[in-house]
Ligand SMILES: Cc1cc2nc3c(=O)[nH]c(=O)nc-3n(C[C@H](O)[C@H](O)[C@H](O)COP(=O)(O)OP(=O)(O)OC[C@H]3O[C@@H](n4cnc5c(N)ncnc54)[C@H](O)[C@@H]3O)c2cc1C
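Listed next as structure tokens is one chain, alone, in the form predicted on its own.
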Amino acid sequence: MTQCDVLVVGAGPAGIAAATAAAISGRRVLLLDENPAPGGQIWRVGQPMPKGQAEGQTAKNQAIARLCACGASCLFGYSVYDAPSAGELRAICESGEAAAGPVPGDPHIVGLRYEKLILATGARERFLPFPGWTLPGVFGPGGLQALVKGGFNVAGQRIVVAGSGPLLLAVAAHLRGYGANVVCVAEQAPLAKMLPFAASLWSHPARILQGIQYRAALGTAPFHLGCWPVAALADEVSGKLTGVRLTNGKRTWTQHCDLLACGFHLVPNIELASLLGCAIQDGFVKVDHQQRTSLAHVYCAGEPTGIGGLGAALVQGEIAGLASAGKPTDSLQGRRLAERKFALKLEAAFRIRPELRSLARPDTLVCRCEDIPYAALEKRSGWIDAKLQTRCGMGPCQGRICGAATETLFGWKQTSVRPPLMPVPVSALVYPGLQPVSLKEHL
């Protein structure tokens, strides 16, 4: 059993900021993440960025340098799967050399006891079902970006980036930097919503400049507003992706491509917060001005409290770290409020349009883990009924993909979260002790 004053779950920007602030304030801090290194999706370690595409690296390097110097301990490659009692979590590592348990091949299991807990669990992409969305060659934009950073070669590949959210433009620019031929970007949000959002950024010149740089990186590739995919197309013989059918509501056309990166903004990772009993409001973890949840000893920062981007994650993480250590946060409240207002503008600008709820055909898979088609779900009365009658949401992803999809399609809410939060082996019932190492030692 590992003991700490402050346990931070999630080592993205919010988690890094929280761990650093708490450790500098004199607390014993343990930072845990399922990835092999700190950074999260936005600061993911991978292949070096091409020349001219290294934005954000300075901020990342500075944040990790501060983390290294603050004295926080870390466990990387570990996923939290249970909260057996108050003030205790259990985490598991099943990959790499760290997964060598007492019996060869057994995973490492570690018990974590804490006085204060900071949840910085980030977000995942929202996928909405349409014909062909499960074909090989169809990725989430963030997922494809992560693969490219890991060495997946997209040089010369024709790629359509589609869906919704500011991630689309950023990913498209990054893919161009790695040599991809981005043939177009299709954003479902209409011009009528994007113009007010763009106009509201006058007080955020850095964000305006970043958007201009991303658009310039695309060159002559079209950027379609009010446009969305209705079907991914494949060769009948090979099954290989050949293109995507796009529409703007008035006309429909086929765009040939080798890869399709399609995702509809982000969904917060709130499963652990729900398991602990934190109050959820409008799909996000409810927090006060100090990032404290409805549980006095639990804080939450970053995307689980509202999709707001890097700036929100950093300031919320710092506030949570200071508050968990009993330090004042007054000087950061102005930034926190400004970032919250920006998050609300994001939500309004990229709200899913009604047409996307009717893309699936009767045979279109909605739950990919259990192969459940749309026709089997439209007869059901809610999430629990669908699980009982079809096994929707009972596969390895535990409803993380189809849960968000069925909420958009049918308005269903996931009404319960139970341990384990992920599939685990029977050996997870008995776990040995494990001592964390310093981040300097890890790196």
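Heads up: residue numbers just count along the shown sequence, starting at 1. All of these numbers come straight from a predicted model, not from anything done at the bench.
What comes next is about the form predicted together with this ligand, which is not displayed.
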Among the candidates A170, A349, A83, L356, the residue which, in the predicted bound form, approaches this ligand to within 4.5 Å (heavy atoms): A170
Heavy atom within 4.5 Å of this ligand in the predicted bound form - the one residue of G122, G132, G243, P373 that qualifies: G122
Which of 385-393, 63-71, 405-413, 33-41 sits within 4.5 Å of this ligand in the predicted bound form, heavy atom basis: 33-41
Heavy atom of A23 within 4.5 Å of this ligand in the predicted bound form: no
This ligand contact in the predicted bound form: F264, any heavy atom under 4.5 Å: no
Close approach of L365 to this ligand in the predicted bound form, 4.5 Å, heavy atom: no
Interface membership of Y78, this ligand in the predicted bound form, 4.5 Å heavy atom rule: yes
Candidate spot G10, G142 and Q145, all three touching this ligand in the predicted bound form (heavy atom, 4.5 Å): yes
